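Okay, here we've got a single chain as structure tokens, the form predicted on its own, with questions on binding and movement later.
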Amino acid sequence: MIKFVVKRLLSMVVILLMLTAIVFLLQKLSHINPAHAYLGANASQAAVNRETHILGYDRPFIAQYFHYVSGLLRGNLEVSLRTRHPVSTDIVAFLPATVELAVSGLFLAMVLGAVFGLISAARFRGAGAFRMLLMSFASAPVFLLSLLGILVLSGNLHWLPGTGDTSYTNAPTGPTGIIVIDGLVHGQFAVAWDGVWHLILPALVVALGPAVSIGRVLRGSLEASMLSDFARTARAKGLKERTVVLHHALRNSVSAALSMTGLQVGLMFAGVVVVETIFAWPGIGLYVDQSIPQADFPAIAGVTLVLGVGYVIINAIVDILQAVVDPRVALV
């Protein structure tokens, strides 16, 4: 088990180094001079050359890359060309809202996926209608689901708010930056509940697609387990089908669902960026959306690296959880 964990951690480091190399190469291929963009279009060539030297962009390519990686290790993601603040500072300010949305979406995806898989495999009453409804919503693009949610659930029915993360202008902003938690910490329960209310619709939109993928894998694994010898033995003992599914087949089927959950994290991060833009959610998705029109490559690269690190770490955790659930995985 220890050898397996070490192997996964080493592979994580290699993947992250490859990601930094790709991001750095794309920045060079963009032909955007960060020094010129930082000083503005009216800056003189002498000022641009001086700033280029200060930032180290006139060094050899390899030297620039090692300087870039060493800066990343120190938490230096360069300076945003739009906000004129360090990208790391901007990300720290915007990241909590994204973490709130992503974690909520992942939780909903796992719950909906588990329900979908169990109902489909056990063939409970109404399973066909539930499966058709969930797959219909999940087959729609994220932006379309977001717009439909805003128009129907927020605009017409007024069930859920459609923009922002709170309706309160004086909502607390610390210590975590997550409205729900900060509201509870400061004893402002109305603010916390309002934050939950604003979170439901965007989190549901983010979760629907991954939920179906997780549920379909879980259903297939459950159906295979239900045909195995131990399931037939359990039925021969007189156990109900529900008991066979929940107490015998489920443990042997979780590993495949966990693997699919890790794969869906990347899709979920992409969905979060789109959803934050449509719902005006104050996270790094909205931050990068505002940075793209101004060719703010340091901000775009910083967000890409943060999302990439999050994806790699979550997949490493999923691999380790798989080894815990099914020790045979650690032998691979």
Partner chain sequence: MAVAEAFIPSAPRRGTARIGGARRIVGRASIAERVGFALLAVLVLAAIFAPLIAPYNPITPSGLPFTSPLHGGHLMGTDEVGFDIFSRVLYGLRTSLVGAVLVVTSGVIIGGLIGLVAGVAGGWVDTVLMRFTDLFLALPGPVLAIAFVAALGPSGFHTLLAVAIVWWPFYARIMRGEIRALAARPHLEAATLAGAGPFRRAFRHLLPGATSAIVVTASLDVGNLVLTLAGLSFLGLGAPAPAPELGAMAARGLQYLLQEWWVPVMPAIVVFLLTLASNLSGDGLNATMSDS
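Since we're looking at a predicted model, the values are computed, not measured. Numbering follows the first chain given and starts at 1.
The same protein also has a form predicted in complex with the partner chain, omitted here; what follows describes it.
Undergrad: Which one, Val185, Ala224, Met132, Val92, lies within 4.5 Å of the partner chain in the predicted complex by heavy atoms?
TA: Comparing distances to the partner chain in the predicted complex, the residue within 4.5 Å is Met132.
Undergrad: So the partner chain isn't shown here. In the predicted complex, which residue out of Thr173, Ser167, Ser228, Ser136 has a non-hydrogen atom within 4.5 Å of it?
TA: Checking each option against the partner chain in the predicted complex, the one that comes within 4.5 Å is Ser136.
Undergrad: If the criterion is a non-hydrogen atom within 4.5 angstroms, does every one of Ala270, Asp289 and Val312 touch the partner chain in the predicted complex?
TA: Every residue of the spot touches the partner chain in the predicted complex.
Undergrad: Which of 138-146, 197-205, 98-106, 232-240 has heavy atoms within 4.5 Å of the partner chain in the predicted complex?
TA: Stretch 138-146 is the one.
Undergrad: With the partner left out of view, is Pro282 within 4.5 angstroms of the partner chain in the predicted complex by any non-hydrogen atom?
TA: No, Pro282 stays farther than 4.5 Å from the partner chain in the predicted complex.
Undergrad: Classify Gln64 as contacting or not contacting the partner chain in the predicted complex by the rule of any non-hydrogen atom within 4.5 angstroms, answering yes or no.
TA: Judged by the heavy-atom cut-off of 4.5 Å, Gln64 is well away from the partner chain in the predicted complex.
Undergrad: Any chance Thr52 has a heavy atom within 4.5 Å of the partner chain in the predicted complex?
TA: Flag for Thr52 set to no.
Undergrad: Given that the partner is absent here, does Gly155 sit within 4.5 Å of the partner chain in the predicted complex, heavy atoms only?
TA: Answer yes; at least one heavy atom of Gly155 falls within 4.5 Å of the partner chain in the predicted complex.
Undergrad: Between 3-24 and the partner chain in the predicted complex, list the residues on our side with a heavy atom within 4.5 Å.
TA: Residues within 4.5 Å: Val14, Ile15, Met18, Leu19, Ile22.
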